[in-house]
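One chain comes next, on its own, written as structure tokens: the form predicted alone.
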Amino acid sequence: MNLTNKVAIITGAASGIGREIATTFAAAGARVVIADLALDAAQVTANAIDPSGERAMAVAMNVTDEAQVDAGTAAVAARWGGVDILVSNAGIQIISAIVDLKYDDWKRLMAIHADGAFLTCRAAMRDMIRHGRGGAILIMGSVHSHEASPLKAPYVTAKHGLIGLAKVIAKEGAAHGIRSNVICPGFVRTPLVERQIPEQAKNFNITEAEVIKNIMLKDTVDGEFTTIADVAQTALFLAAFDTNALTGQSITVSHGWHMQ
């Protein structure tokens, strides 16, 4: 669980799960890059982790923008000599029945989750191969990488696809010491999930309490939300595990919602 002097880029890291992962990695000795669409928020997070700026930096990164992803990765490599860890975490959610879903919304979600993962993983792999020291690529999936829920067609589609991407990265990266795994959380009470509660209550014509009990936590073993700390500790374990014995896998963190 030691990441001393490892360089880690975490996308969507200005808040929520990404911020917790960045904080956890920094505590384990890593230099962390807060890559986020909102540069001001990313800088606030970086300053909170390390006010000196020596072990945390902020990078503006729209993960759907190829040039910005490549430039941001290059800036990190130029400052700290290369990238050792990528956590592809940026994401959104859109709640809609398929018959009501706008094509623009489908494309927007797929661009952030699927295209964003591809672009950030490609940039990280190129840097890892160039510097010849291998590395770890972690992609943020979901229980919805394995399961389906109503009203989440683009999200479920994208999250299923990320497992395939991680498997290909594991195959292609092995010769270069690059490992790739997917973290699949259950419901984590982040702002992204908080917004879903009233949306689902409206769509299903039930109360918000019923959404939590009968939809979000129904299939857990204990009726508990997964926490950001649960996810961050899993990310730390996978980032620090330094052999190809653990690659191409999806690790579910869901209080037993999905069991493999």
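Position 1 is the first residue in the sequence shown; the rest follow in order. In this text, all values refer to a predicted model and were calculated from it rather than measured experimentally.
One more form of this protein, predicted in complex with a small molecule, exists but is not displayed; see below.
The candidate spot formed by 1, 6 and 135 lies out of contact with the small molecule in the model of the complex, as no residue has a heavy atom within 4.5 Å of it.
Taking the partner from elsewhere, residue 16 is found to have a heavy atom lying within 4.5 Å of the small molecule in the model of the complex.
When the small molecule is considered in the model of the complex, residue 192 lines it closely, a heavy atom lying within 4.5 Å.
Although the partner is absent here, residue 113 sits close enough that one of its heavy atoms falls within 4.5 Å of the small molecule in the model of the complex.
Heavy atoms of residue 90 reach within 4.5 Å of the small molecule in the model of the complex, making it an interface residue. Interface residue among 118, 80, 106, 187, judged by heavy atoms within 4.5 Å of the small molecule in the model of the complex: 187. With the partner omitted from this view, the residue of 211, 37, 26, 57 that lies near the small molecule in the model of the complex is 37 [heavy atom within 4.5 Å]. Partner contacts here mean any heavy atom within 4.5 Å of the small molecule in the model of the complex, and among 91-99, 72-80, 124-132, 173-181 they occur only in 91-99.
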